[in-house]
Every structure is written in C-alpha cells, then in structure tokens.
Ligand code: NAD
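Encoded as structure tokens, the following chain is the form predicted alone, with no partner shown.
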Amino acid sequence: MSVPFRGNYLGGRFIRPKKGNELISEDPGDLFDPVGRMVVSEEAVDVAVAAALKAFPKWSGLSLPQRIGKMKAFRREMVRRQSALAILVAREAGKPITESNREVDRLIAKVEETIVAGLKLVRPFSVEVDRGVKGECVWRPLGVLAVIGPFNFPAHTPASHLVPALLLGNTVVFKPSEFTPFVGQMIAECFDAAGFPPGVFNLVQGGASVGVRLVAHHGVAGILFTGSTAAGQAIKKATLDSQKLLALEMGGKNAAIVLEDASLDLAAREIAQSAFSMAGQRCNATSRVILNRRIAKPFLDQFLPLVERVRIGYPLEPEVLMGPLISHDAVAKLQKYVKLAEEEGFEMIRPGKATGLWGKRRGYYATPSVHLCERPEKNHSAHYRKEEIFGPNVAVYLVKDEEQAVALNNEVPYGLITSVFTRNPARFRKLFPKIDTGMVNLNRGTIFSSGKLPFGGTKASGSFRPAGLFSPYYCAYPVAVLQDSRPLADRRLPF
C-alpha cells in the first residue's frame, strides 16, 4: 500500500515542490510494492533554513518548562502512531518488526531520558571565584542545527539528536535518508500535531545533493550526522572553512574477543545475534570474531549451526532475525567483499549467497557467510580485513594470546564497540584500558547499548561527541559569567 507524499515540512506546513526529481521509496523486502513516491528539490533547503533562523529567537527565548511541554506533546503523538510507525520502519528499512517495535520504543523513551537525566548534564551552576566575585556557567543553544539521519535506525537515531537539540532551544532542519523518507514524514506529522511553533522543526527530503546543500548552508550552526564514514569525512571536508559544530556518528568494524575461559554457548549466541540481526546493517554489528586458537573448534561447533538457523524473511513476518539488505548496491557491495575475502587469503567456512527472491517476494535478500583466518599475523589483507562491509558476513580470527587479540581488535581504522567474553571480570579489567573503542561490553553482544550511557566511537567511527545520554553536550555550549560586586577600593587595578 502506497503512502501519500505530503511534501517538505517548512515553516509549520507541508509544501510539495512544484518541480524537482522523483524519489521512489522501495520496500527492499517486496519490490513489487513500493512504499511511495515523492518529488524532491534542493531549493527546499534554503526555505527550511530561513524558517529555522526566523523561529530561533522566540523558541530559544521560551523557558525550559515551556519547551519540555511541547516535547511531551510530541511524545504523546508518537505514542498514538507507535504501531503505524513501526510498520513503516519495517517496510522502508527492511527491518524485522520486532526490531522496528524496539526502535520506536527507544524513540519514545528518548524524550523522558533526556528530560530526566540528559538535561542534568547541562544544568547551570554557580561558584564563588573570589571574595565578592561570583562565577556562573550557563548554556546557550547553537542556533539552527542540521540533523541528517540514517536508513537503518530512521526513527530513533534522528530523535537522539532532535529531542535534545529542541529542548535546549535550537531550531532544526531534518533530512532523513533517501531510503526512508516516509519515516521522516511521519516524524514531521508528529511535530505538526504537537503544535510546535512554525519554523522550529523543518523537514527536507532528498538524497546526497540535498544533504550537500544543507551541510554547506551558511545559516546552519551545527551538523548532527549519522551514516557512513565516507559521508562523514565528506562533511568534514565541506566544512573546513566554517565554524560549524560537527557531531558525527559513523561506521564500525566491530570485534568480539572470546577468551579461552568464556562460556562458549553464551558467546556463540550473542555473536550470532549481533552479526546477523538486521542483516548486519548496523554500525555496531559484529563483523569480526577474535578467538584463542585453543577454543576454535568447540566455539565453531556451537557458532556455525546457529548461522544455519538464522531466520530470514519479510520484515513483517514473525520471528524474522534477518530481513533484506537496503538496496541493490548494498548487495553488490556484500558480494564484492565476499570475493575479496577469498582473494586475500581467507577460507570460506559458511558460504552465503545473494538472492533476488525469498519465497514469493522479490527483494534484496542474502544469506549469512563466515570466513576464517587461522594465521592473522601472516595475512596481509588490505581491504576485507579492515573495511566496513555493512552486511551479514563475519570473519573469524585465531590468535595465540590476549596481547594478539587486543592488537587485532585495534588494527582497524574504526573504534566503535568491542565485546569481550570471559568468566573472569579481572581479566576484562586488565584488557579494558588497552581496547581502543568508544564502548566496551562484557559478555554482551556488540549491538547492545543504553540511552542512559554515551554512544560513540573513536578514530573513523566518530568525532568524540557521543550521543545517547551525552547528546546535550553537542546541542549547547557553556558560557562563563563573572559578576564582581567589590567596590573600587578593594580592587587591584593599575590605574
């Protein structure tokens, strides 16, 4: 069933472009039933930023309780559309309905998490600097913030930026992924129904050219981006001559380190879920398993049967773990890296395949694949070993000790998340300081995180501005204020 296109949301109303390029939102799990069609135009960016600039003084001038009231109204509208939004996420992103429901739950929870805990991080405070001198720290909004969302978490991830940005007095222009534009439209409908003032929230639809225009716009004070490392690096280059704040959450090449004293049943199950959930299309998916070679056989004896049991299907079917990949290009990229793995010395121990049909549905489906590297110290892979694939593929590396395991974990240009499996917490604490990632889990898969903690990575995975609980830090900046009440006679002045 096709979703009607309402237009960009500009200055408090939906406006359809009079001309532009057609954008088709596919259902990647059922190509015979597109989600909808729309017309997109770069010119909408200028209108959106102008509306946001106009709205900024009045919105930032409201009290925090007034802005909280509006955000709670937005939350109520999200709850009203909760089921419809989850189904739309499943259709546009190819995301299993259980995961889609969980994502919408997290979006709704983000409002309360930010109000209750996140805003405490940017609470004003006063200190006595000297006798008669009072110091204050107050937080100011940046202005107009551009929020650029990903396809794989098209609702929750933008909300992790939008909610704190608006609560702290910024106005925003939101560009959803071109793969999930109607999820973005429903979010805009919620802001509209919640009665936000015109121009406070704006939506522009489109692909890369619209994103480039938004990023480069002189009226934008900051860019809150989630997506590929290549796109994040392009944003950095495009803004070198500006003073825009950049909060970039990018890719990952995440590893699970399994020590010889780990519960292998637990590790195998956690890793299988983290590797193949959502067809591996998560920045925090497990794409590498680093094993002590002494436990290689018993671990693989538990892990490989789980790979065979991965439930693949249309995202709205029950108990599906893996839906389709997002696009034809995503399938081609997966196939390229599977071929590269064998060319670069990896042994295929579970072959995967791409298929255009799954049951009676035509879509971008693929099955999981697993490769093995028995001697990583002798393997000089230039691409497969270190580049993000973003698909259902895992490489298993065998190592001799903890030192080699940590070195292998850290060798990639990414630094998002690492999982460590061991029954000995002391061993974990010893390894922890050596692991160069922004998040580290103990006996838990890489895909698990919490909105009550920071979410972000090092190196090519981020810009040291983590989201999650810490998102308010990049939505406002601290200003120091000194108030000196001393009389002139008490001051040491040179004049």
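Not measured: the values here are computed from a predicted model. Note that residue numbering begins at 1 and tracks the sequence as displayed.
From this point on, the text means the form predicted in complex with this ligand, which you will not see here.
Using a 4.5 Å cut-off to this ligand in the predicted bound form, each of Glu178, Ala208 and Ala234 places a heavy atom inside that distance. Exactly one listed residue, out of Pro376, Gly352, Gly169, Pro150, brings a non-hydrogen atom to within 4.5 Å of this ligand in the predicted bound form: Pro150. Interface residue among Tyr337, Phe346, Phe390, Trp139, judged by heavy atoms within 4.5 Å of this ligand in the predicted bound form: Phe390. Proximity of Glu249 to this ligand in the predicted bound form: non-hydrogen atoms within 4.5 Å are present. Contact annotation: Phe225 falls within 4.5 Å of this ligand in the predicted bound form, judged by heavy atom distances. Taking the partner from the other structure, this ligand in the predicted bound form has a heavy atom within 4.5 Å of a heavy atom of Leu416. Among heavy atoms of Thr157, some come within 4.5 Å of this ligand in the predicted bound form.
Note that among 170-178, 130-138, 86-94, 263-271, the stretch whose heavy atoms approach this ligand to within 4.5 Å in the predicted bound form is 170-178. The partner is not shown here, but in the predicted bound form the stretch 279-305 reaches within 4.5 angstroms of this ligand through a heavy atom at Cys283 alone.
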